[in-house]
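Before any questions on how it binds or moves, here is one chain, the form predicted on its own, in structure tokens.
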């Protein structure tokens, strides 16, 4: 990795590590939910259709962000990230397939 790309990589990692639940862009908000210490960073969050949610697994074990209705299932090995673009208003429960006691609720409004 060249010096420049290494610096850019480290800056990206550092800025991502500090990101907290939301920031906006023209298409909608981009929300980051950290998974740490065997729980989702929040138990309930209200979103708008058009928002993107990114889950980051900061825990020592593998997790998933799985919609109870089956609409998505994001595998999150240790240290990995995954995201979903939300378009349909409604309420959905999200859980971890490996740790079913880990749950959170997404409320998507128009």
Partner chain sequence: MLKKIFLSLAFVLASAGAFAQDAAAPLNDARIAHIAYTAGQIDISAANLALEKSEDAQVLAFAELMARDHAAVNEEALALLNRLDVAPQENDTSAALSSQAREREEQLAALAGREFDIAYVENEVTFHKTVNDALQNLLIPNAQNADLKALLETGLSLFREHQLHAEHLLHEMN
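Positions refer to the first chain, counted from 1. Because the structure is predicted, anything quoted here is derived from the model rather than measured.
The same protein has a further form, the form predicted in complex with its partner chain, not shown here; the description that follows concerns it.
Within 4.5 Å, heavy atoms only: does residue 48 come near its partner chain in the predicted complex? Residue 48: no contact with its partner chain in the predicted complex.
So in the predicted complex, is its partner chain close enough to residue 102 to count as touching (4.5 Å, heavy atoms)? Yes, contact at 4.5 Å.
Just to confirm, residue 61 within 4.5 Å of its partner chain in the predicted complex by heavy atoms? Within the cut-off, so yes.
Even though its partner chain is not shown here, does residue 38 get within 4.5 Å of it in the predicted complex, heavy atoms only? Residue 38: contacts its partner chain in the predicted complex.
Work out which of the listed stretches, 66 to 74, 48 to 56, 79 to 87, 30 to 38, brings a heavy atom within 4.5 angstroms of its partner chain in the predicted complex. Stretch with heavy atoms near the partner: 30 to 38.
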